[in-house]
Structures are given as structure tokens and as C-alpha cells.
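Starting off, we have a lone chain in the form predicted on its own, written out as C-alpha cells.
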């Protein structure tokens, strides 16, 4: 961010920002005007709410998740009382981790994973153990081997949960299949007796609604008998307006009560005004209309980035193309480092383009070395017109570097 501000010529393909030009300014202004149109409506909107969240928003959230997961509107599988509204999904991840884990506990994470969540673990003194991924999510064989190794070492009792970014994964762009979610839950349950406590699946679905091609994949909430072990963290920030900062979680008891108490200690409840805006956007069709425009926009930007990769990247460079979300995952030849202190990163900044070094997305797991030849490249916040030039700059740097190796 500092580099971007100090270098106006710099094209940032790093930050996971949403498209600034497509923020719903007009729609939000009209909703706020209606909410504050008279004192009778305005005063409750500007007053404190309750810690679990605005009741209409919790109901709308439960209904939306039922539809996404094919549960049907009459399903009792997802009760609005299980929904807790948070200040963005980031707060839900933090509170769930705080409720479940003690210092020196272990959380299993994808390898690589969302690097900000690794910071949450570090801030609590919690150890992260990496589980390899393939093109449809977790490598189940590696998850099984990891759990068995932890059991043999006597550390299985410290394992509290498995954290996955299940849709358009940050940083790789991958989506985890329903079959793998089901198999992962079965594996976790198989080690609960040895652990002496429940082992939860924390499903981070922040990018779920940003799909621009293909079919949606049901969440782990839709798996029969799994609800008691699944924590689902979602957000309205990325699909609607990042500045509103409203997220939500679906939690089983007794975890729901524990996290709600932590939420009360944090802030007494998420901004009531922000929740009322989201509830009105959802119930009035504004949210879905905006989301459809945003999906088309990201499809266009993703296609522009893919075309630029095909045009400008040397043949030795490989990448994974997403069906949604904001990111491409790029792999350089094994002998070419792309980390913060690498020649590639320094040359890219000098050339006026910025990316996220992939090494930041790996846990400090002593069981394996951290790969240094990967990068996360984002099309989300970059201007559409800047994407081809940004990739071209990066491609020229990589072409020079590949020739030298």
C-alpha cells in the first residue's frame, strides 16, 4: 500500500481489493436516504443494535444460504438463530479461533493459505500445520497422513480445527469440491476420540458469491450430519461494498454462545446502520442486481489477465486460472525465487508492477520447506485498462530472469 501511494506509476496486482469503479454508491445512497427519511425510521437505524445482529438480516442470511446450498426455504437445517453478524468475515475468523484455541494448539491449514489468517494464529500463539492442495482443494491423502503423524507424536490432542478457504481460494483461486469437504469431515471425526474433543471445520467462504463461470458448490453446511462440526464464515463486504464491513458466521452450539460472548466484549454488536443497509439491499433486490454486474465485471477482468498471461509470460511460467474470486496463482521455474527479497520482486517494482510473493501464504511449518517460486496476482482492484500493461511489465521481468537461470 505504501509503495502504491508513493509510486503513482506503479500498477498494483497485489492487493485483494474489490473493483473501486463498481462500488454501489448510488444504490447505497438511496437506501440510506430511505432509512433516514423520517425520525421514526432513522432513530432505530442510528441506535445500538443487539450483539447477535439485526434479526431481519440474520433471517435473510439463513434464507440465502439455504437457497445456495439447495436446502429449500422450509428446511430446518439452518436456523437464523445460528447466524451471528460480525464486522466482516475477518472478525468471525478471529473470534472463532479465540473461542476454540489456546496457545500452543494446532490448526490445520491449506498449504498455501490466506496469509492474514496466519497472522491471527500467530497473534494467539497457535501453531499452523500445512496440508497440501491440488486442483479441487485439499489433498486428502496428505490430510490423512498429517493427522496420523500428529496422533503418533502425541500432538493430536492439540488439534482444534481445519481451516479452509473453500471458494476461489485466496491465494490460489481453487474451489474445494463437496466430495472433499465430506471426506475431510469424515477424517476429522475419525481422530476426535484420540484428540479427546471435537475437531471443527472452519469454512471461509468469503469469495463464494464472486463466481463468474461454472456451477456453485454446496457448502459443508449441506452435508448431512455435519452441522455440529462446521463453522461457516461469510461476508457481504466483497460481493457488495467492502467499506460497509459486514460479515456473518453460522456456528453450532456450544461454540455459538462462546463466540457471541466474545463478540459482546469486542464491540456490543456490528454497526446497526451497516446491517440495515444490507438487509434493505437483500430484501429489495439491490444486492443481487449489483452482484450480477460485479460478476460480469470480474469475468471481463479475469479474461483480460488470462489473455495477457498467454501473450506475455515465458513458457516456463505456469498459472492456475480461477472460475471466480480475484486471484491467479503463478508458479515460476523451481530455481527462480519470487520472494520479498528476490531479484524478481525488486526488478518488478522497478518496472512498475507489484504482486504478492507466494512465500507469505505458507505457514511456519517445520515439516517442509516453504516454496519461494510462486506469486499471487490479483485482477480485483486494478483498473481494467491497467491489467494488460501490468502483466506485460511482469512478463518482461520474468522473461529476463528465466533466461539467466
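Positions refer to the first chain, counted from 1. Computed from a prediction, not measured in an experiment: that's the story for all the values here.
Same protein, other form: the form predicted in complex with another copy of the chain, not shown, and the subject of what follows.
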Q: Would you point out which of 27 to 35, 360 to 368, 345 to 353, 55 to 63 contains residues with a non-hydrogen atom within 4.5 Å of another copy of the chain in the predicted complex?
A: 27 to 35
Q) Applying a 4.5 Å heavy atom distance criterion, does residue 134 contact another copy of the chain in the predicted complex? A) no
(Q) Is residue 43 near another copy of the chain? Define near as a heavy atom within 4.5 Å, in the predicted complex. (A) yes
Q) Do residue 341 and another copy of the chain share at least one heavy atom pair within 4.5 Å in the predicted complex? A) no
Q) Is there a heavy atom of residue 277 lying 4.5 Å or less from a heavy atom of another copy of the chain in the predicted complex? A) yes
Q: Let me know the one among 264, 154, 254, 225 whose heavy atoms come within 4.5 Å of another copy of the chain in the predicted complex, would you?
A: 264
Q | The unique member of 98, 323, 192, 139 whose heavy atoms fall within 4.5 Å of another copy of the chain in the predicted complex | A | 98
Q. If you check in the predicted complex, do 48, 124 and 241 all have a non-hydrogen atom within 4.5 Å of another copy of the chain?
A. yes
Q: Taking only heavy atoms into account, state which residues of 110 to 125 are within 4.5 Å of another copy of the chain in the predicted complex, ordered by sequence.
A: 114, 116, 119, 120, 123, 124
